[in-house]
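First, one chain by itself in structure tokens, the form predicted alone.
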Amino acid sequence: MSDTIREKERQTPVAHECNICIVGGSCTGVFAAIQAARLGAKVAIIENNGCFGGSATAGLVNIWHSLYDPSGSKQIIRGLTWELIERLQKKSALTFNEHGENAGYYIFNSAELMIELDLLLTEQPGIRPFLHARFADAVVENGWVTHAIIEDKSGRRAIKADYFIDASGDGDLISRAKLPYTTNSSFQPPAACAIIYGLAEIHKKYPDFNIHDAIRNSKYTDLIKNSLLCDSELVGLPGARILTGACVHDMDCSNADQLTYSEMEGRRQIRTVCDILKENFEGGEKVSLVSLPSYISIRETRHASCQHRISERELSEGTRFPDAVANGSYRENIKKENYDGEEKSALPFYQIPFRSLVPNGSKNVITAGRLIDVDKNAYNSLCVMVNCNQTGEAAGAAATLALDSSIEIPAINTNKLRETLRKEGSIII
């Protein structure tokens, strides 16, 4: 049997022509689209799922981290993240944690966010959405990407654009366009979430109940190994909780077979958690699985090889960059020797430079979100959604500035980019 087949040559119809095409419709991609359209560009946005928002909606990951510096005294993130927070607050679909371990965090209703993202896109002229559309390939001529090939219900189609933004998370566009990328020897594990009813009853019976410690007890034969379980409120539905952190380790979800395994294993773990709660805790008989995500929340796959790789030391020291387009304060697994043993609340906030969004050799492609160039030890901190959101805004603005001047993306004036973002409501320092 042959290992390959030969397909017939075919003509692919062009479904749409625009200035900027965005591959990936997470909040990162949506924010890139909104930013570009508000600056006057005609935009297409491609999303594989039936909704926009990525992990925040389809993945049920309903937490945005603090928009303030580590001390909590200075706001360092605003822009479209803040705009969405205000919209969700008006719908009573978001709460703000002022105290406790998650002080400064925003908990939102993922379904309400899904609808607000739809409204944002439809309210803004100049954006053509493509849902249930899988990006399949890129057409490249003389180093310029000219078309994105998609497969959707209407068949195989092409989108023609002047500039492209890879917000796929997995680097699908840069991979197909033969732009350089790296992968680590191990990945942050994908994690499955779920909506569970009745967990609040267990919390009432056991005031010190911690689901992570409870499920990791070695007495359970079907142990959930190495998962980082936690639960949080489901805004708008008392009695229901969001369960987060059923992790599937040693998986590269840019590989189709490993992605399939991860989806199924994540669901198996969720069912196991429910069974343990039902069978071993007073009040657990009321536990009921309400909803599962439409896709597992993928945390890491490919990283673009860009003009600058953000290092752990730059993150821990709060290095200031002249081309900074984003700020952040969330830190995870940073070695103490890299911040002189200080308490994290005393550390400076960190920045993301524009150069870390620009792939080496790129002419008209820019990246955004978790696939930007960052070293392994710093990645845990930088990949959270409030950081990715900002890079989406920056990518949308950068592509539009390149369009306005008919130049390659690496040649844009970063001072002008920073000023543009500032005028559009971002906090640029």
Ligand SMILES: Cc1cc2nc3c(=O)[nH]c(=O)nc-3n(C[C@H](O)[C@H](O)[C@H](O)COP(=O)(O)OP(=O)(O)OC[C@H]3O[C@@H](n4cnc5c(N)ncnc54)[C@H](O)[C@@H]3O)c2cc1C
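Computed from a predicted structure; not experimentally measured. A residue's number is simply how far along the shown sequence it sits, counting from 1.
Keep in mind the form predicted together with this ligand is missing from the figure; the text below concerns it.
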(message) I need to confirm a contact call. Of Phe135, Phe187, Tyr181, Phe349, which residue comes within 4.5 Å of this ligand in the predicted complex, counting heavy atoms only?
(response) Phe135
(message) If we define contact as a non-hydrogen atom of the residue within 4.5 angstroms of the partner, is Ser362 a contact of this ligand in the predicted complex?
(response) no
(message) Within 4.5 Å, heavy atoms only: does Ile196 come near this ligand in the predicted complex?
(response) no
(message) I'd like to check something about Thr367: if you look in the predicted complex, is any of its heavy atoms closer than or equal to 4.5 Å to a heavy atom of this ligand?
(response) no
(message) Would you classify Arg241 as touching this ligand in the predicted complex, given a 4.5 Å non-hydrogen atom cut-off?
(response) no
(message) Among the candidate stretches 78 to 86, 291 to 299, 270 to 278, 304 to 312, which one is within 4.5 Å of this ligand in the predicted complex when only heavy atoms are counted?
(response) 291 to 299
(message) For a quick check, can you give me the residues of 62 to 79 that have a heavy atom within 4.5 Å of this ligand in the predicted complex?
(response) Ile63, His65
